[in-house]
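Shown below, as structure tokens, is a lone chain in the form predicted alone; questions about how it binds or moves come after it.
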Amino acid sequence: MRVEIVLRYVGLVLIFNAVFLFISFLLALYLSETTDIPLLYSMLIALIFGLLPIIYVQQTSYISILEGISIVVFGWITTCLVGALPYMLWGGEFSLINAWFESVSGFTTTGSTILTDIEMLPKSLIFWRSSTHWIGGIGIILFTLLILPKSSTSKLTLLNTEMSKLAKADFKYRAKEILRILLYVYLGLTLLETVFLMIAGMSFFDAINHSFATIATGGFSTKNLSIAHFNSVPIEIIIMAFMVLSGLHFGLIFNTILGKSNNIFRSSVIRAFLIFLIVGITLVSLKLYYNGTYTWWTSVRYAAFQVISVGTTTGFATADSVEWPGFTRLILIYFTIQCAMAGSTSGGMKFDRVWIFFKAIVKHVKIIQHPRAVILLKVGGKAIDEDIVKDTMVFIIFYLFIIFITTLLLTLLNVDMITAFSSSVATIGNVGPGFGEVGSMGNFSGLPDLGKFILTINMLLGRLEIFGIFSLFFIKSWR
């Protein structure tokens, strides 16, 4: 493996971070905030360490798979380290581990926070915090790919490393076109939501920050009470609509805009995903109403928002679901495990894998009934390759095993069972809030430092779909 090539691409990633740090720095200067120096120093560090390998390492048109995986993994880790600098240099609640936690949570679009008073942060630091969502949502490596030479085979290697087979399944384009599609949809949704939120009554600052968080399916809010602070049905409806859109495959959204046949209205996986959300909303609404927790329409209002929020791995909140009946909390935990679709900004398991899992069960039952029959597993009328099915099953088992191990480690640190389990599920799913101490109106500040660090590993595993990171630990198998 050529370490210098890895450093060159990681340098490109740092330069993208430096751009947003510079914007945050200008905002700090404009508002005369105390974050100007921390943001300036952070920007300079990112810029210097980003430019040095670009200046001294010659560009290559080819990178190996090992180099590609190393670039992706170390690109994310380095980005999170740089992202923690403004927090640490500013101080406040940001100890070393808290700054790392907030940075990883932002870039992986998890949305879990250690902050007990978000509104006390300077606006420039809040903007940087939201920017980490927006940078991480589309994938920092995908931003880097946009500036590579058109004919570069490195582009294809990195794209294959950053995106799963499921995410690429509905893309019938070349690498460069895929990147443009992702960027057009990402920018378009962000701008549209910002405009709609401003029309609904949000200030421009709140609107752009919440758009960053929604489209990235992240969940960082500018307010301590999240979306509940606004207590506005129009704002909630707008955010719910864009959470759903951001949880769908961006390639299919692009095809829908162009009027192509392979679109969101003809996708059986999207239909199934939406049906799951509707069933979840209905069940939670009915339970809240018949338990006397809220009136009928209030039950529907809160149930719809919370189910969509966790079901798309966004993590915004309009109510304290910790106080809800156990039945409703179990449904929310299910959606926290299921997550949204491949090809979206969602992290975690992905609904596509869950759908393939259910289809595989049906196929297995049919094989038992008809042992000699040749039965294909189809999704959307297309036969799914057996390798993808096997990959899906291995992924799901490994995913659940990591949740178990993380929960075990947290309980070893004397974290209560509900908090340990739900925080494990919420962080690997890049969802954000859990239950217990880390509920939708709570935060992760009370967890032990080692527990916070373990959960940041979970966040990275969920965002990078587990195997990219683990493959680096098996160096001998690459030879």
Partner chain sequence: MKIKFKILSGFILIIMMLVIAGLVSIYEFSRLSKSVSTLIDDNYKTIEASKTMIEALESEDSGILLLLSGHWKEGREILYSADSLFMTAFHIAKNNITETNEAKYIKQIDQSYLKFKERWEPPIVGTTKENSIDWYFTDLHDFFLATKNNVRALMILNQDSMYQESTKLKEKAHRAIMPGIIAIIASLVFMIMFNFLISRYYVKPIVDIIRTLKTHTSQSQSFDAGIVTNDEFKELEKEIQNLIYRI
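Numbering follows the first chain given and starts at 1. Quick caveat: nothing in here was measured; it's all calculated off a predicted structure.
Not pictured, yet referred to below: the form predicted in complex with its partner chain.
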Only one of Leu66, Ile45, Ile454, Met441 comes within 4.5 Å of its partner chain in the predicted bound form by heavy atoms, so just point that one out.
Ile45
Considering only heavy atoms, tell me if Leu51 and its partner chain come within 4.5 Å of each other in the predicted bound form.
yes
In the predicted bound form, is there a heavy atom of its partner chain that lies within 4.5 Å of any heavy atom of Gly188, even though the partner is absent here?
no
Look up in the predicted bound form whether Leu85 has a non-hydrogen atom within 4.5 angstroms of its partner chain, and give yes or no.
yes
Please check if Asn414 has a heavy atom lying within 4.5 Å of any heavy atom of its partner chain in the predicted bound form.
no
Looking at 201-209, 86-94, 278-286, 294-302, which lies within 4.5 angstroms of its partner chain in the predicted bound form, counting heavy atoms?
86-94
Would its partner chain in the predicted bound form be within 4.5 angstroms of a non-hydrogen atom of every residue among Val394, Glu437 and Ser445?
no
What residues in 1-18 sit within 4.5 Å of its partner chain in the predicted bound form, counting heavy atoms only?
Val3, Glu4, Leu7
